[in-house]
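We begin with a single chain expressed as structure tokens, specifically the form predicted on its own.
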Amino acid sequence: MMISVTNVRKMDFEAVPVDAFWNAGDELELRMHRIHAYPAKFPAFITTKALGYAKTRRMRIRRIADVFCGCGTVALEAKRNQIDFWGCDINPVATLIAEAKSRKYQTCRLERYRNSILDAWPEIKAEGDSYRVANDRLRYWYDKRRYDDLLRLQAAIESVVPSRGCYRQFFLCAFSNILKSTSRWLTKSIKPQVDPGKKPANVLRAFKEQCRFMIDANAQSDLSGYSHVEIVTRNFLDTSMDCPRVDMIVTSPPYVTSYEYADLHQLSSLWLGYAEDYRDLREGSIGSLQHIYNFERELKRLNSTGAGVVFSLLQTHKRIARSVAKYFLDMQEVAKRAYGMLRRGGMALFVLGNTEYRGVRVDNARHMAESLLESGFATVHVTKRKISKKILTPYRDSEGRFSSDANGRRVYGEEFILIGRR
């Protein structure tokens, strides 16, 4: 059930009922959606549900956008439905995955390239001092053997697969996804931390298994017909970027204070040459704790919901208050820019949840609803869906893992879907 929002101050968002329509899809998720690990991955069926919802409103959807496209879930679903797609993300690792995911490849060419890479690998020798002169952060995560093996594998990929075209991206994506398992990184942790007892995976064995999974996933994917997919590595709030007109936006913004995507993807960023220092990629990332800006001057631009949350945090958590304020200010600009992208009668669907920091609720849903209305959206409707994996584990422990221990950080088991119509 959708509830129309007219006055966010009077509406009780927590009382909005869960709508089973948005809880689960009608089919199994394609394996292509799982070719690379990604935190807080967007449910694939949401796009299909959004298209069905639009159809009941007699909308004609020719192009979909995802302004926080992440690993390309919406891109692949748009492609499956033969609808043009445009997406952007500030994280180059995310856009690599998204581009690799939203293509259809010839199985015979994938197998030929894979075999050639494996044949070339034994012939490539790592230089004797390669580990000694490696990036300090990579030496922190890898022993010499794994580092040298990865270096040889990367060289084999680059020597075999042409740099132009989508096949190089496919195999670099496979390479990227084995970087954590072959390192000292604590498995399944959302924070960069070493597992002193871990035995890193064998590089060549991990790569063979990853390629097998991805080639099978490609064979399973049902992409057909022609639709244009464009994915750019840019900040959506970069005003120098020209964004196309679209009929629908389907997106899930990052959660404030939850993930530092630059930190989580540091191995791929360093190995693939996206940065010499992964911390440089935090700059401009919405939801990051690392922004530098004029807090006192910008504070007055917050809408009423944002100001209320920030002033509650300021009493005891000034650093977090500054980060949340920047996040809210950015999201207000996102709402304005999304409105400007939509054709008349278009629809923007935002999936986001509320968070909590040491007893203070960070009311993202209410803030976004107010931002959409203030940006000019004619109507804003809101509903809720359950996040199945978090229902029984509503907390995160000190290492970032889901937990039932109430001493951990509260994680809400539901998230909101906000739909604005221009």
Ligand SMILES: C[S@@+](CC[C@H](N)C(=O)[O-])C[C@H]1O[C@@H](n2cnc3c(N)ncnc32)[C@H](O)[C@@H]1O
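From 1 onward, residues are counted along the sequence shown. Remember, it's a predicted structure, so these values are computed and weren't measured experimentally.
If you look for the form predicted in complex with the named molecule, you will not find it shown, but the lines that follow are about it.
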Could you tell me if residue 31 has a non-hydrogen atom within 4.5 Å of the named molecule in the predicted bound form?
no
Quick one: does residue 89 come within 4.5 Å of the named molecule in the predicted bound form, counting heavy atoms only?
yes
So in the predicted bound form, does any heavy atom of residue 41 sit within 4.5 Å of the named molecule?
yes
Although the partner isn't part of this model, could you tell me whether residue 69 comes within 4.5 Å of the named molecule in the predicted bound form, counting any heavy atom of the residue?
yes
Among 308, 345, 284, 200, just one has a heavy atom within 4.5 Å of the named molecule in the predicted bound form, namely 284
Select from the listed residues 234, 336, 144, 137 the one whose heavy atoms reach within 4.5 Å of the named molecule in the predicted bound form.
234
Spot the stretch among 59-67, 377-385, 23-31, 364-372 with residues whose non-hydrogen atoms come within 4.5 Å of the named molecule in the predicted bound form.
59-67
